[in-house]
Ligand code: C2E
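Just the one chain here, laid out as structure tokens, in the form predicted alone.
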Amino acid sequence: MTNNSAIKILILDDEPFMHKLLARMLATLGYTSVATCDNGHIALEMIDSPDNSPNLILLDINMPEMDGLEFVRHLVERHYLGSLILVSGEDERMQQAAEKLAMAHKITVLGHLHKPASAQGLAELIGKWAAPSQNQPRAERKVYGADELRAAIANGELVNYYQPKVRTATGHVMGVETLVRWHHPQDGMVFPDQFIGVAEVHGLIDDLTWVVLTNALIQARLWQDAGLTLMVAVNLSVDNLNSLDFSDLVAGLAALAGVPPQMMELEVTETRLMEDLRTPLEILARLRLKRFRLSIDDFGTGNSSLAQLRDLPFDELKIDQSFVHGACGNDKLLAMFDSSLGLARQLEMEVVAEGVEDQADWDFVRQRGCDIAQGYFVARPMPAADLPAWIQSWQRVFAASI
């Protein structure tokens, strides 16, 4: 249980009235170590003093001399380890932008409140605060070299995990997305954001993709033989789409494994689509002709979404998780989600909502009529061996909920 009096809180606002109002609320809630400040320069002096540095700052965005956004930048320069709550009269979109900026700088933001803030809202956000021992910077992730990754590919250290995708209307588990992991002999589980970039930079991405795709096809055939019909999706890098023989090689692997192309889905991340479209367009079009399904991943995060949908024969659109999680309570995210969903509907594409993290997200995507859901609320990625038991458990839970 956190001792409220032990949390050092700084109210940074240029309005004396807000100092009194927020301080009174905090005192009522049991927070007694509270300081106030009316400009950013003085606040930074306090932060520079180890004895006075606050654990939590209630920050106004719009202040003279130094506004809240500039103040956040100075916090970054000082490697500030505490948390922020934005308390401002600015509109919702401005508050969200400020919150996103602070979070992009790896500063913990507990949320935002509109003036005049309520004691209940303030209490709920402060309740999210993590004690300093839990709020230390994470150790820097190890950077792996090309030789290490090359050896990992050769030694069979890359393994596939599978994250289920379910139909929102029926709860039916219709497929899985293949997600590669590196079982490092010393470091344990290494996630793809630590080595995919290395593979792309050092010309290893084709070798890595073949391992992932080959293992996914073998697993798809095992599931098929066991009577488990699943659409198996595999992620492609744009760098895989530079060689015109790629589509024939993929078709050959599927034929060798005995897996129908219609049961394989190839996902391409939209953020890197596509400087010179000629070769990728031919490859993807030929894969589509061979009856592989194509999916555009992380939709909405790239620079040319509409052009890609116009030019490439995608079957499925995956709405990026940043537009799904929390959309039920956020008008801006709701508008983006609905526009993506509507666009896909008009183009006769299936739609997957990524990042379905909780019950509210699940209820939201079902109510909006999205076809498929994927995310931690449904299931985390798992080894292939765990999937059959999970499906039985999911079906029981879903049946009980309707």
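For every residue, the number given is its place in the sequence shown, counted from 1. Here the structure is a predicted model, which is why all the values come from computation and not from measurement.
The next section is about a form of this same protein that is not shown, the form predicted together with the ligand.
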Just give me the single entry in Ser247, Ser237, Gln224, Ser88 that has a non-hydrogen atom within 4.5 angstroms of the ligand in the predicted bound form.
Ser237
Just one of His184, Arg150, Arg181, Arg286 has a heavy atom within 4.5 Å of the ligand in the predicted bound form. Which one?
Arg181
Note: the ligand not shown here; in the predicted bound form, the stretch from 192 to 200, 286 to 294, 71 to 79, 105 to 113 having heavy atoms within 4.5 Å of it is 192 to 200
With a cut-off of 4.5 Å between heavy atoms, is Asp298 one of the residues that contacts the ligand in the predicted bound form?
yes
Using a 4.5 angstroms cut-off on non-hydrogen atoms, would Asp311 count as touching the ligand in the predicted bound form?
no
Whether Asp60 contacts the ligand in the predicted bound form should be assessed with a 4.5 Å heavy atom distance threshold; does it?
no
At the 4.5 Å heavy atom threshold, is Gln95 in contact with the ligand in the predicted bound form?
no
Within 329 to 358, which residues have a heavy atom closer than or equal to 4.5 Å from the ligand in the predicted bound form?
Glu354, Gly355, Val356, Glu357
Closer or farther: how do the Cα atoms of Lys100 and Phe337 compare in the predicted bound form versus the shown form, where the change is at least 3 Å?
farther
In the predicted bound form the CA atoms of Asp363 and Lys100, compared with here and shifted by at least 3 Å, lie farther
